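The chain below stands alone and is given as structure tokens, in the form predicted on its own.
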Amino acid sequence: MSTESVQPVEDFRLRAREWLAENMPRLEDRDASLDDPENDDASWARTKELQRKLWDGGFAGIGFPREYGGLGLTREHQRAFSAESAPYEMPLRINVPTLAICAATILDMGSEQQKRDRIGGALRGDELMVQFLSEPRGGSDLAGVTTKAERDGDVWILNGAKIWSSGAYAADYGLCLVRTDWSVPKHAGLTMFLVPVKAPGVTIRRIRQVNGSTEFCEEFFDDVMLPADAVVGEVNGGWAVASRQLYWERTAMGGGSPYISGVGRGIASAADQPLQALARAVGRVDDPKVRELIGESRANHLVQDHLVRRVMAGLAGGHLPGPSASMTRLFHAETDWRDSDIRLEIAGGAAVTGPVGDHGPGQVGEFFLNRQAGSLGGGSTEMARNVISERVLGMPREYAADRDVPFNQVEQGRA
């Protein structure tokens, strides 16, 4: 796309403002029953419906190249659209992981056909994608995965298990990191596959968490047949694809993805309620201590916004290395964690005894139970600190007993 053909940001903003007002439902008219975990299937159907509206209206995939169904516009266009769309119901659940992580990875590392099929399918609202990374027996060391794929003629046979996959039950395709060569060090024997979630041999089980959510799933692969063109990138070159995928995950978790439309989490929760409203609900809006807490949260979010802009500008301009995205991911997790603590301090006993409906104070207690999720999704905050220290600051690498050891010689489990 030539520079001359790009619509000025302010013209784009005005066009988006007019289109949104005429076509997208306002937030106050949203069906709140879609936030109930028991209505998750209906919530995903609504997400696809809204994404299709964006596609039909010419506002889907603002940052994606035109040849793959996007608009080929800039981050400034994306920010303008996100700001204008704030009062409207948007298909936010498709942002992460489908667009901001999976489609972004395929755009960078996939084949031409994968880019056209999967990115286009997601932008039209026809398909959802999921990440198959973590495993039941493993921790945060993704290079140690043991789910395997073996070549059998023209196809690959996939066997193993994954876990903590967000939204897998609703997805159509999963980016699945597996081991294809056990005779080389762990990072060298991996391959990334695009796995049809509903293929024969794939079993999905939803996991109910302490806060009632069933968003996460575990998956079992039993002799799943995959064609050769299901490989993303190169055979045994999966770590390069996974590294790019993790980059996009950290960028999304840090709030700096160029491939999302709209702002927010996609499902209303206690975290979306302004702290001032919570303070009023529990009768503490005039409490000086509560005012200090609200000010602390506001300061954290201002720093986070500026950090995201600074890091994203540094990455786009080549002034910062790619792993710098871990700084935004780490600060986002720390801010989220502190916010949940602040909400609990403000709500006090009402976090346990207060009403839950309509963002009542009782929902603060439920949110607190799940506060560590932000420090685990996209890799733990401990891993983010390691990445920053080793790959951004150039500090010595952490010791690893299995470094450069063929994976079939690495001791697995207890002796």
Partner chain sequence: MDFELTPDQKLFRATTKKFLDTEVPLSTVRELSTGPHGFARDWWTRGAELGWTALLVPEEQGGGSVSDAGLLDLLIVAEEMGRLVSPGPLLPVNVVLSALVEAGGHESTVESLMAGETIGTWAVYEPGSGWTPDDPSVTATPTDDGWTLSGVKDRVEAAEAADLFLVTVRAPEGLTQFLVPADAPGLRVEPSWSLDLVRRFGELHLDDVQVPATALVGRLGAAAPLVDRQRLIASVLQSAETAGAVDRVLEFTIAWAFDRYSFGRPLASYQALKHRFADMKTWLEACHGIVSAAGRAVQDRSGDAAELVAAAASYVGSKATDIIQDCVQLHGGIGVTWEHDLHLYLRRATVNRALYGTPEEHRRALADLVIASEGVSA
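Residue numbers count along the first chain shown, from 1. What you are looking at is a predicted structure, and each value in this text was computed from that prediction instead of being measured.
What comes next is about the form predicted in complex with the partner chain, which does not appear here.
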Contacting member of 298, 137, 151, 208, with respect to the partner chain in the predicted bound form [4.5 Å, heavy atom]: 298
Name the single residue among 49, 29, 56, 382 that comes within 4.5 Å of the partner chain in the predicted bound form, judging by heavy atoms. 382
So in the predicted bound form, does residue 390 come within 4.5 Å of the partner chain, heavy atom to heavy atom? yes
Could you tell me if residue 39 has a non-hydrogen atom within 4.5 Å of the partner chain in the predicted bound form? no
Given that the partner is absent here, does residue 398 sit within 4.5 Å of the partner chain in the predicted bound form, heavy atoms only? yes
Would you classify residue 331 as touching the partner chain in the predicted bound form, given a 4.5 Å non-hydrogen atom cut-off? yes
Only one of 90-98, 172-180, 320-328, 214-222 has residues with a heavy atom within 4.5 Å of the partner chain in the predicted bound form, and that stretch is 320-328
Looking at the partner chain in the predicted bound form, which residues in 297-312 have at least one heavy atom within 4.5 Å of it? 298, 299, 300, 302, 303, 306, 307, 310
